[in-house]
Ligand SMILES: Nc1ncnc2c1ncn2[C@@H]1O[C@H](COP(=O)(O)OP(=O)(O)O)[C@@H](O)[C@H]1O
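In the form predicted on its own, a lone chain appears below as structure tokens.
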């Protein structure tokens, strides 16, 4: 009996903490102009290609005529500036200093994309307190003066910072791969997301697929689980092919949409850009000669 009472108290306390967090999160929507689009890119685990997608998608949107700001909100594991091929002196966390303004941390990146670097340091893996959140909220509000599309590259996983960023964003792209562990972690993100909001603005992007059908298979597996246990379905925006030019671009510190614009991965990103601008799922992307060879020799 005492064990049951103890479990009940723990459940009540846990729910109280969750409700308090939900109330706080509700106050943290980005204070941006109505015509500014805010897209958070997140993943359930590291290694899915989340940041690579964020950088290349930002450049693709900028090339399509949008004014883009990319904010590296991956506190502790930030590397947007590395993929941009640049070194920065200021970061998002510097905005917590009273004498640092937004213009002090905004950098000019590839193709005119403006970006704010994160901070890559173990000691920076922290949860911001309310005073720090409000200070960031106030200073970041003026990002909409510089861009009409703001992309937030969140951390991977389910830290409080990640949850708050994705709940505050108007749109969320959840990046996963066909690996079972990545699929399971993607489900965990969806579960946490649906716990705190009734909005359904989260979409899947499946990275490192070998065939277009792989994307449908991953989406079906995730939706079978979300429908059964959460009662929701998640749309799939599109996919990115497995492509060696992506890893080569990382080593070169040059976005693959710039260095290899005709590669399969770059053409997928270009189709994703069209999808985001047109509100439709991306069209089919041919893998070309390399795809033919892969199928011919069984790769």
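In this text, all values refer to a predicted model and were calculated from it rather than measured experimentally. Positions refer to the first chain, counted from 1.
What follows is about the form predicted in complex with this ligand, which we do not show.
Chemist: Verify the flagged residues 207, 242 and 250 against this ligand in the predicted bound form: is each one within 4.5 Å by a non-hydrogen atom?
Modeler: Yes: 207, 242 and 250 each sit within 4.5 Å of this ligand in the predicted bound form.
Chemist: Go through 237, 273, 40, 246 and name the one with a heavy atom inside 4.5 Å of this ligand in the predicted bound form.
Modeler: For this set of options, the contacting one is 246.
Chemist: Tell me, which of 133, 79, 225, 88 has a heavy atom within 4.5 angstroms of this ligand in the predicted bound form?
Modeler: After the contact test, the surviving option is 79.
Chemist: Does any part of residue 62 reach within 4.5 Å of this ligand in the predicted bound form? Heavy atoms only, please.
Modeler: No.
Chemist: If we define contact as a non-hydrogen atom of the residue within 4.5 angstroms of the partner, is residue 51 a contact of this ligand in the predicted bound form?
Modeler: Residue 51: contacts this ligand in the predicted bound form.
Chemist: Taking 4.5 angstroms as the cut-off for heavy atoms, does residue 47 touch this ligand in the predicted bound form?
Modeler: Result yes; residue 47 sits at the interface with this ligand in the predicted bound form.
Chemist: Counting only non-hydrogen atoms, which stretch in 90-98, 134-142, 186-194, 207-215 is within 4.5 Å of this ligand in the predicted bound form?
Modeler: After filtering at 4.5 Å, what remains is 207-215.
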